[in-house]
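Shown here is one chain on its own, the form predicted alone, set out as structure tokens.
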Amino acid sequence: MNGYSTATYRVFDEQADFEKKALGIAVGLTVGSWTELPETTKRRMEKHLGQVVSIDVHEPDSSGGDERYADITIAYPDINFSRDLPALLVTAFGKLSMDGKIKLLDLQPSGEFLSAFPGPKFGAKGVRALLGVHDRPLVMSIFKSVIGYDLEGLREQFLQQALGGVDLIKDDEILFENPLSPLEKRVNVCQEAAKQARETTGQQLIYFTNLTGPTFKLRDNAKRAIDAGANGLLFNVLAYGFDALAELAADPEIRVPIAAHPAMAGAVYPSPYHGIAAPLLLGKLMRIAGADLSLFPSPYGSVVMPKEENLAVRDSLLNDKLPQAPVFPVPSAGIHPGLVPLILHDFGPEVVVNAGGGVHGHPGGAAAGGQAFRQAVDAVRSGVSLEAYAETHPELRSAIQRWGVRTS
């Protein structure tokens, strides 16, 4: 529908007339009332009226082991809201999110709405170009135990990760501005360590510095980090809002990729009855707003998202259904080298293998942990089992002894 953006909801109700419910949503979230309006007012207001697009009712089975619900799609006139994500979200799900068992499954903004969002500056393809890596999945490692570390401690931790041959290193999302490791000094020492490691590995590396501070100082803090040498930013999008990400991504002076962290997402997507579905929350909206990488819980590790949802997030980040550039999916939490075959089987080559404990917990230390991940990626790409590849690669062998290999 030209000039309309649509929203799809799953509405649970044992007795509701879903046609009446859908009409109530369409009217209530747009003009407020309809049948009692005089005809002259209706003609004037019609262009603002929401439209019911479809109603797909699911009745419980005979065993009573299922619930009655309907998937309802409503079209909202673009004329009703400004070209920003908060306006679309409040229109489609602001008040409605509090109206019983109802979950926002998807949003399909109009082409006109999407044209206001340039999206990722780099996207998956651009991140590859920065690294000069075009033929394999990327490997990311994460700082651990950052609280209480001074600059020298962080530098050494960064150096050991970088020596492992990882492509990307990110701050922990809980590393905020503090006296022990202030922003510019932290960037300086980590980039010095990156340069030192590059003399050994020969690799380019992106360091995603955690961007924090009051919302209205984010742009200044991002520029401070970049001026100090940061070549990537980590951003807790859901704590600040999608519009904050969109402003950062569109800013011509912020010339580095942005990795979107999913902190707070567990308060929004897991319930079947409430919130926003993960593929929309951590996939489509992150991409529209301008993230270059999007982190989310994997289906394998310590913080688990169901695989069907997980792969739907991947699809929303990589498919060709949006004008914004495809974004790297980064399944995270509890990842170790023995999971690499499963990750690459499920996600394909356009993925970032991301690990914290799987790098730092390696018996040989963080450098050996990074090497084990790179070896696992090489094994899969060569069509060789991890066990066979480990016979001549001691770092991978130690990782397998520590964590095992998972194939399903």
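Note that the structure is a prediction, hence the values are computed from the model and not measured. Throughout, we count residues from 1 along the sequence that is shown.
Heads up, the form predicted together with another copy of the chain isn't pictured, but that's what we're talking about next.
Spell out, yes or no, whether the shortest heavy atom distance between residue 129 and another copy of the chain in the model of the complex is within 4.5 Å.
Answer no; every heavy atom of residue 129 is more than 4.5 Å from another copy of the chain in the model of the complex.
Any of the heavy atoms of residue 70 lying within 4.5 Å of another copy of the chain in the model of the complex?
Contact check for residue 70: no, nothing within 4.5 Å of another copy of the chain in the model of the complex.
Should residue 219 be classed as touching another copy of the chain in the model of the complex when contacts are defined as heavy atoms within 4.5 Å?
Within the cut-off, so yes.
How about residue 224 - does it come within 4.5 Å of another copy of the chain in the model of the complex, if we only consider non-hydrogen atoms?
Contact with another copy of the chain, no.
With the partner absent here, would 80, 97 and 148 each sit within 4.5 Å of another copy of the chain in the model of the complex, counting heavy atoms only?
Yes.
Could you tell me which of 264-272, 286-294, 188-196, 116-124 sits within 4.5 Å of another copy of the chain in the model of the complex, going by non-hydrogen atoms?
Checking each option against the 4.5 Å cut-off leaves 264-272.
Among 306, 202, 214, 323, which has any heavy atom within 4.5 Å of another copy of the chain in the model of the complex?
None of the others qualify; the residue that does is 214.
Find the only residue in 253, 152, 177, 112 having a heavy atom within 4.5 Å of another copy of the chain in the model of the complex.
Selected residue: 177.
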